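Here's a solo chain for you in structure tokens, the form predicted on its own.
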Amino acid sequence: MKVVVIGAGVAGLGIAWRLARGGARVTVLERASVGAGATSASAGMIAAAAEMGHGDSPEAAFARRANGLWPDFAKELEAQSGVNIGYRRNGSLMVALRNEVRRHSHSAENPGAANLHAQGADITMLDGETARAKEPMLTGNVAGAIWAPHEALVDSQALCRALAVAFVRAGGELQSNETVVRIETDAGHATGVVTPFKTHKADAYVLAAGAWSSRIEGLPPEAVPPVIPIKGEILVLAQPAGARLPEHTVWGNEIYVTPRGNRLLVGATVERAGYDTSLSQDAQEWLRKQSNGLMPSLEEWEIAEHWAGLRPASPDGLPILGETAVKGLYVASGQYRNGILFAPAVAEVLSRLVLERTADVPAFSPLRFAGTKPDTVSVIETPHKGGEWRTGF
């Protein structure tokens, strides 16, 4: 079986790797460089409890499934690629400050914590003193926290490099800087994808182009995935000499902070700004203000980097995974800010669907949108001018 995958982010490469290992002949076509979209821009957190809270939904179940797959996925990927992806279970601390305890969804006084326990989540409720003992950099204004020890993180940029190497070693063909401009169809079936260089023919096609998934021409309206870009900006703070990095990922004060090497990532803003990835001074100032409010000593840390990326969002906020109205064309998009978390489960679901025709997440079917146009997506509101941002990448 021959398969063409459009997009070399974590979703496209993960699916392609699994397909190649399953015996398919796979070509990945990427419009830019490997992982150049949302994957490399992400902070690399694998945080089912922090992202999904106490939700009892198909998405929350999928998050828990993916979280359970990650340890073996990481081990196998590193063995096949020889690349250290920095996967480790460092735990998440979800903090509520005293001035926000009544409205904070992760407050230790919130009954949602009890619901997490009821669903089998391995979490512990901490008072403010215990939370500060676990992360001494926290402000004294901490009212309480939820501790999720099995949350993890990964170096998202190393992850993409590893997936690319493992995929090629499995026999796959990876072509960067080759933009798919049109998908050809005939009698309701996908028949080829067109780039500026050639037309690629295959038995099946997987559209995993992230925020650009709705931009490819040639598809009938009912098969276009209604995905829009949601901009997110992240700051990277340099660790001063003698300073201690937070050991865990900490969520609070409308942001998160997470360690990567000897630096600290602070994120992330959420803005509906089309395909604009320019950096905003307002975003930088807001992230600094919120991080200083969460960990006051960060005021002395210098900004080492500042970047932006585009997350793919769907109308209902759920992933889009499965075969489209065009036979032979599959979509893996709409993961929004959970592309890293979902990666092993997305690779498993899509590869099985293509190779075995086995579908097991009907709630994520592309057919649920019935031709919804991307410009009608309203799941995310644009923040007000001046920086009323919402967190997450």
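Don't overthink the numbering: it's just position in the shown sequence, from 1. Keep in mind the model is a prediction, meaning the values are calculated, not measured.
Just so you know, the form predicted together with a small molecule exists too; it's not on screen, but the next bit is about it.
Requested in this report: Quick one: from A41, L350, A63, V326, grab the residue that has a heavy atom within 4.5 Å of the small molecule in the model of the complex.
Outcome: None of the others qualify; the residue that does is A41.
Requested in this report: Determine whether any heavy atom of W301 comes within 4.5 Å of a heavy atom of the small molecule in the model of the complex, and answer yes or no.
Outcome: Heavy-atom contact with the small molecule at 4.5 Å: absent for W301.
Query raised in the report: Applying a 4.5 Å heavy atom distance criterion, does A208 contact the small molecule in the model of the complex?
Result: Although the small molecule is absent here, A208 would touch it in the model of the complex, with heavy atoms inside 4.5 Å.
Query raised in the report: Though only this chain appears here, would V10 touch the small molecule in the model of the complex if you measure heavy atom gaps against 4.5 Å?
Result: It does: once the small molecule is placed as it appears in the model of the complex, V10 has a heavy atom within 4.5 Å of it.
Report task. Check whether V354 has any heavy atom within 4.5 Å of a heavy atom of the small molecule in the model of the complex, and answer yes or no. Result -> No, V354 sits far enough from the small molecule in the model of the complex that none of its heavy atoms falls within 4.5 Å.
**Report entry** Interface stretch in the model of the complex with the small molecule - options 85 to 93, 286 to 294, 175 to 183, 135 to 143, non-hydrogen atom within 4.5 Å
**Finding:** Going through the listed ranges, the match is 175 to 183.
Query raised in the report: Do all of N67, A166 and P319 end up near the small molecule in the model of the complex, with near meaning a heavy atom within 4.5 Å?
Result: Checked in the model of the complex: no contact with the small molecule for any of the three.
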